[in-house]
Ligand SMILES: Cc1cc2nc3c(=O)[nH]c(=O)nc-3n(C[C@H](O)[C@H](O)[C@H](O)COP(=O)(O)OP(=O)(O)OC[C@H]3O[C@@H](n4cnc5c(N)ncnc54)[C@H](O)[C@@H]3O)c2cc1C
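Here's a solo chain for you in structure tokens, the form predicted on its own.
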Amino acid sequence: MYQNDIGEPIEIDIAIIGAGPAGIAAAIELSKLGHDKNMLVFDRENQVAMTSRHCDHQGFGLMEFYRPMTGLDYAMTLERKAKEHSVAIKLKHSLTHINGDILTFSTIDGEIKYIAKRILFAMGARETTRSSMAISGGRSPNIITTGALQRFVHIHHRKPFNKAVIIGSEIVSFSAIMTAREAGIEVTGIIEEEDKIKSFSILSYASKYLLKTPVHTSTKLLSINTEDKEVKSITISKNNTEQTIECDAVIFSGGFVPESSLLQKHLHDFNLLNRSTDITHNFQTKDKRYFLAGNVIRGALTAFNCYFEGKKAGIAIHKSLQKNDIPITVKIEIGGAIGWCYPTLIECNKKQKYLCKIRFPKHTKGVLNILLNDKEVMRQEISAVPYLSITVDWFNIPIKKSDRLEVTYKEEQKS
């Protein structure tokens, strides 16, 4: 198996791109359903679940494997479970091109092509870098992301600098504090432009009183001040007053976006709102061959969410191979300040437990309106925080392919 004539694509039934929690969970589920003999998992890294391996702290595994784990333990458990279920994994395989059902990979042995009946994209997400945020100031190797810090500390066992500030207040920002403390790095503060942190409020108190790290909300980073490529300080603005904070490093944390540049380049129906491809409740695109699961759908969410999405996607792929049909769908159009929506495709004449899940980029309170052919059919009052999804109710109103379905949002006016 997996042999071919020179230059011809290798034929397989299922290709899974990404060996993280979503990809491995899908592969294990598909193996249980009898697909282990003609399925491959691909990953560009040299180990399974490389992102989890960077996280040398607790918080993994309780929902999936019923015991708390570090990120490293979690990654090793995923790898062991995959072996137990005869899941074949191709590491150091970087996907470079998608042409229908033909996938082209760059490997240490050169370019290799595979042709698959079903493809699951589970490439995960990446942090927003300083360059994409258009922050002024000098350049330095000590301007990094949380992921880079974790690699320095947990993989290479290095202390790359002494005194840092963290930009961003998502959950991963507090993981950055823990990583820095382990390496003996002083964190002088967290800088957040919004008036509230983009994570659980209790973390702000934990940071201030337990970790002795202040959180500066309603604060804008103006510039990173360097000298001979060494970070000396940052300049921030709060309440129209500028302030300088001394440091020798800046850690950009969070702002995760899907690792979806190849999908945008090669697949149809790319959704700019989600920075990902339109999918149904079953993680399937309009093209019956393609499925998406995990953080490639939305940016970062916890490992256990990705794991269980992968399991569901695996079952959906199995059913798709059995039926071999093309889903008939209506796209949900999104209006207002909504920052993300899943799914964006609703299958016609199929009962759903809910219409979709949405997220907002900031704290907000207001009313959702669900319109069918420009007529309001449902309304829902919501109070949203940036890190949690809101489920949009749905009473299984019949819809046809020609229908127009829209979800809009109006923020409550402050008195």
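All residue numbers are counted from 1 along the displayed sequence. All figures in this text were calculated on a predicted structure; none of them were measured in a lab.
Quick note: we don't show the form predicted in complex with the ligand, though the next part is all about it.
Using a 4.5 angstroms heavy atom cutoff to the ligand in the model of the complex, none of Tyr342, Leu371 and Tyr409 count as contacting. For Glu259, a non-hydrogen atom is located within 4.5 Å of the ligand in the model of the complex, even though that partner is not displayed. A residue is said to contact a partner when one of its heavy atoms sits within 4.5 Å of a partner heavy atom; Ser389 fails this definition for the ligand in the model of the complex, lying far away. In the model of the complex, the ligand stays beyond 4.5 Å of every heavy atom belonging to Asn282. For the chain shown alone, Ile17 is a contact residue for the ligand in the model of the complex, at least one non-hydrogen atom being within 4.5 angstroms. Comparing 315-323, 214-222, 108-116, 287-295 against the ligand in the model of the complex, the single stretch with non-hydrogen atoms within 4.5 angstroms of it is 287-295. Contact with the ligand in the model of the complex, judged by any heavy atom within 4.5 Å, is made by just one of Asn162, Asn99, Gln264, Ser94: Ser94. Note on contacts: among Ser233, Thr128, Thr77, Ser175, the single residue with a heavy atom within 4.5 Å of the ligand in the model of the complex is Ser175. Contacts to the ligand in the model of the complex (heavy atom within 4.5 Å) from stretch 51-69: Thr51, Ser52, Cys55, His57, Gln58, Gly59, Phe60.
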